[in-house]
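Heads up, the chain below is alone and in the form predicted alone; it's given as structure tokens.
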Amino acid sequence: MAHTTWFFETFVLAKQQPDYRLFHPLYGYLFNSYYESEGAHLARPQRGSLSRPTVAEVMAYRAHVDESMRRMLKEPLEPAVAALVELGMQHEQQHQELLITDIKYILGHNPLHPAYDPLGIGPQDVTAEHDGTCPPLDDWLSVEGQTIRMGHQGPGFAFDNESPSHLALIQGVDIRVALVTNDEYLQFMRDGGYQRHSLWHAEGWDWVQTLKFRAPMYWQPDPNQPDGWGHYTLQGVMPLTSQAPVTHVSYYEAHAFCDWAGWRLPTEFEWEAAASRFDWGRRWEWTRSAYQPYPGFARSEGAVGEYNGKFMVNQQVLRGASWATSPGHARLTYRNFFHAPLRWQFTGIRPVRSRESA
């Protein structure tokens, strides 16, 4: 809450309102996440040690900024200022989803495995995380070899990494209508998927060997379950739902599973070419595309240019959205990105297969 509030205070109010009064002179240092253009900030590894300001103090900070924003929004805004306000709202929507995943991470790594919403009746429908509805697993869509126009073409908001719109050549493939399920992933595990080095990138194999992972995050052996596994959810530890999309897998695991199954991950271009023909939004879907700038991409001037551009190295693109994504935040051109080992987000797998006729 403090960080998203800081975003509005720093990039909108302090720069656009000459008479704006900072709520606290040190909050910029505490709640600037990574914007070097805005000066020194608390080192990331130290953030977990903060016990102040209190929740009440943060809410007072929010009220102070909200009141200033309300006064500002009563008057027409210059287009550049309106764009900053919208960026701030989209930024806050991102953090709403991250708050859900962070809550799950903190509670899910507590040995007591406390449930966040045991009855599934909170404002966010946490039962969607393990919903077992699933299209037929043998339904595939043909994507013909073609040149497509990629990226945001308007109208509406998009982050800068979704532009500029450009042409991309894709080869013919089939993309599956259903995401990979828990049951399918369990078959991979039972067939020695985590013990067969031939399925893994060298870096992924080192990751498996070093950390001794043998299942997706939050899975835990449970001899009382028919399949021998349970998993932690926001409703607590539950049996695996066999036809629910597998989640909390790294890029390494997504690649290894597809290699085992005789498939591969889609490129983000293949995904975007086909996405209007299948339902997406239950999991962030790994692609095999490296997170790189689109042709002609240029970082914006000033601090907002740090929002996406400086992270375009050593990360993979994910497409779609998850059940925890804020309503209205998802769109077909959205480019999420994470490092290959990460799996705390609601990630999943949608495979493609090559066609000899391609």
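Position 1 is the first residue in the sequence shown; the rest follow in order. Bear in mind that the values here come from a model prediction, so they are computed numbers and not experimental data.
There is another form of the same protein, the form predicted together with another copy of the chain; it is not shown, and what comes next is about it.
Please determine whether residue 77 contacts another copy of the chain in the predicted complex, using a 4.5 Å cut-off between heavy atoms.
Output for residue 77 is no: heavy atoms all beyond 4.5 Å of another copy of the chain.
With the partner left out of view, is residue 296 within 4.5 angstroms of another copy of the chain in the predicted complex by any non-hydrogen atom?
Result yes; residue 296 sits at the interface with another copy of the chain in the predicted complex.
Heavy atoms within 4.5 Å of another copy of the chain in the predicted complex: does residue 313 have any?
Yes, residue 313 sits close enough to another copy of the chain in the predicted complex that at least one of its heavy atoms falls within 4.5 Å.
For residue 168, is any heavy atom within 4.5 Å of another copy of the chain in the predicted complex, or not?
Contact with another copy of the chain, yes.
Only one of 215 to 223, 68 to 76, 100 to 108, 154 to 162 gets a heavy atom within 4.5 Å of another copy of the chain in the predicted complex; which is it?
That would be stretch 100 to 108.
Counting any non-hydrogen atom inside 4.5 Å, which residue from 252, 271, 284, 185 sits next to another copy of the chain in the predicted complex?
Contact check passes for 252.
Scan 48 to 82 and note down the residues that get a heavy atom within 4.5 Å of another copy of the chain in the predicted complex; none is a fine answer too.
Heavy-atom contacts to another copy of the chain in the predicted complex: 49, 50, 51, 52, 53.
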